[in-house]
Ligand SMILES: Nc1ncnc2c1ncn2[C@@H]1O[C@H](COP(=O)(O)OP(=O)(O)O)[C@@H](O)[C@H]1O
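Only one chain comes next, encoded as structure tokens, the form predicted on its own.
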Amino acid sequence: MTLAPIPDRGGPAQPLLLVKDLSKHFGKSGSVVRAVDGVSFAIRKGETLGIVGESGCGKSTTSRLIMGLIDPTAGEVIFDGEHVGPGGLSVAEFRRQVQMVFQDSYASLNPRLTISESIGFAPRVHGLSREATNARVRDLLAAVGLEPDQFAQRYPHELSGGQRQRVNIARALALRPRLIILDEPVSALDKSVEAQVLNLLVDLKAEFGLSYLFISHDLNVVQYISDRVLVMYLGRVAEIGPVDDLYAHPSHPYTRALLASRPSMDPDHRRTTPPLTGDPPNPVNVPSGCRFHPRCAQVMPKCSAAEPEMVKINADHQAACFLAETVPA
């Protein structure tokens, strides 16, 4: 068994990952937290989809639902045209093709295993010989910028945060996946190391033919690395579109508030009033209609009465807002 790359089954026109009406509700009747509530999106082959939103909006829960780390309340995940689950693509085979890099680089690694053992564990479980596994480990360490002779036999506590995250990326690549989910992969790093890891991810994407689902609260990081951006608010998709289009012409009031919250480097254009006030509503008791309406400066009577559908702004840009049709794209 050589763990050869999985062939493309549906061609470039077929989405690599399709998420349909994915939901996760925690708790019992009367006190249900709607962490993720009917989220749908697609990731195309070779693209990076960024997900942004405030803490608690459901970004990380969505990633864990996709990976099968928690069971969904409802919804479906389709990978390259094949349903993931009973009667379709097995979870084991899906996880071979989809890997995840977490925020906490230290907690993600077993402190009792050397770096070589951590990276090589999954290939060995999948039947790769010891010699082939060792060769792959060395190749992957070199690919993420770590000298194999220096780092292969070290333990996680002997590495810096940036080095540990490079190891986690190498481990994610060990099974030759097609999609990598990156959940806040650089938020715990200082800015100089953050830039190095981001550039590494860009290079690895091209070298290995990867697609990314990149989750972050940092709007500048998402703008740098993403092809398209999905904005989440209180468990729902507020807006999705190409990164340049969405950042230049945000159509949802929440997206505009998020983008306006970025610090300005120009002293003549410093913001003195917050673009968004108040905390997100209690997810146990979500507002009726549009979930953003209690904090929206442009709220209308119908916003509290009916939940807006996704409106097409242009061919690849959509927003869930009654005002979206009137916003120039």
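Keep in mind the model is a prediction, meaning the values are calculated, not measured. A residue's number is simply how far along the shown sequence it sits, counting from 1.
This protein has a second form, the form predicted in complex with this ligand, left out of what is shown; the following refers to that one.
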Query raised in the report: Looking at G68, G289, G56, G46, which is the one with a non-hydrogen atom within 4.5 Å of this ligand in the model of the complex?
Result: G56
Requested in this report: Would you check, heavy atoms only and a 4.5 Å threshold, whether P283 touches this ligand in the model of the complex?
Outcome: yes
Report task. Answer for F41 alone: is it within 4.5 Å of this ligand in the model of the complex, judged on heavy atom distances? Result -> no
Query raised in the report: Going by a heavy atom distance of 4.5 Å, is C296 a contact of this ligand in the model of the complex?
Result: no
Requested in this report: Examine A35 and determine whether its closest non-hydrogen atom to this ligand in the model of the complex is within 4.5 angstroms.
Outcome: yes
Query raised in the report: Which residues from 153-185 come close to this ligand in the model of the complex, meaning a heavy atom within 4.5 Å?
Result: none
